[in-house]
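Have a look below at one chain only, the form predicted alone, in C-alpha cells format.
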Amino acid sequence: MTIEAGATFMNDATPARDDVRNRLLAKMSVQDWALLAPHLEDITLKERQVVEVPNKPITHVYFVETGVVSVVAVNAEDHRIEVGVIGKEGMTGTPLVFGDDRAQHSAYMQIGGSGKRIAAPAFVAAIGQSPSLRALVLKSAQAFMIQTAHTALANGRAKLEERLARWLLMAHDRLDSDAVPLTHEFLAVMLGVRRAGVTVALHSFERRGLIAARRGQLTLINRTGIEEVAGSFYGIPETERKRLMGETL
C-alpha cells in the first residue's frame, strides 16, 4: 500500500481495530493502522514460545495483547539474564526500527498469551512509507531502551528483594490480573540468581502480606507495599514511556 495525497485510508478491506488490546496499535493514526492492518494476523502465544533468536533474522514483529515476552541476553558460554520485558504496551522486533534485520537477544514468551504479528518485510515497508508510523515505533523503541538501561542498573546495584519487587511490578503492569504464573526456578533464571535466593525472598514477601504463592503462581496482594520494596529501581522507565507515548502521567 502506497500513501498518496488525499487518499482514503479505511476501506472495506481494512480490518477494524475495535478489539485491539495492544496499546501501541491502538495509539496509531487511522492512516497508519490502515498500512499495517491488512498484514496483521492473530496468533496464540504459548509459554516458552521463541519469537527471536540471537544473530538470526527477525521473521515477524509481535504486538502482544496478553502475556509477557522476556528479552534475554545470552553469551557464548550460554550465561543468561533477562534485560527487558515486553507486553501489551509495545512490540518486539526493535532492531528493524533501526534498520537491522537480526535479533541481538533471545526473546520468548515468559507468560503465554495472545497477540498480533506482522511479517518483518511488511513492517519495514510500512514504516518506510509513513513518517508518523516510524516516529511512533521509534518512541516505543526508545522507551524499551530506557527500560533495559534501568534493568542493568537494578542488576548491578539493587538487592535481590528490590529486583524481585521490580520484576513483579513490571509483570503486573502487563497483565490483566493480580496473578503472575511463574515458578521460582524461572524467576531465578530471569534474575540471574540462585533459586534458593528467590525462594527466601518470596517467603519474606509472603510473611509481610505482599503476595500469596502457590505452585506455579504468585498473586500480588499489596502492590503499594511491593512498590516500597522496589524503591527507586521501579518507576522511571514507566514514567518515561508515558511521556514518550503522550499518555497521562
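Source: prediction; values computed, not measured. Numbering starts at 1 and follows the sequence shown.
The discussion below concerns the form predicted in complex with another copy of the chain, not included here.
Looking at Val83, Ile86, Leu133, Met109, which is the one with a non-hydrogen atom within 4.5 Å of another copy of the chain in the model of the complex?
Exactly one residue meets the criterion: Val83.
So which of His150, Arg174, Arg166, Arg117 gets a non-hydrogen atom within 4.5 Å of another copy of the chain in the model of the complex?
Selected residue: His150.
Hey, in the model of the complex, is Glu240 touching another copy of the chain, heavy atoms inside 4.5 Å?
Yes, contact at 4.5 Å.
Taking heavy atoms only, is Met91 within 4.5 angstroms of another copy of the chain in the model of the complex?
Met91 lies outside the contact set for another copy of the chain.
Find out whether any non-hydrogen atom of Asp178 is located within 4.5 angstroms of another copy of the chain in the model of the complex, and reply yes or no.
Judged by the heavy-atom cut-off of 4.5 Å, Asp178 is well away from another copy of the chain in the model of the complex.
Ala126 versus another copy of the chain, in the model of the complex: is there a non-hydrogen atom within 4.5 Å?
No, Ala126 sits far enough from another copy of the chain in the model of the complex that none of its heavy atoms falls within 4.5 Å.
Partner contacts in the model of the complex for 134-149 (non-hydrogen atom within 4.5 angstroms of another copy of the chain)
Going through 134-149 in order - heavy atoms within 4.5 Å of another copy of the chain in the model of the complex - the hits are Arg134, Leu138, Lys139, Ala141, Gln142, Phe144, Met145, Ile146, Thr148, Ala149.
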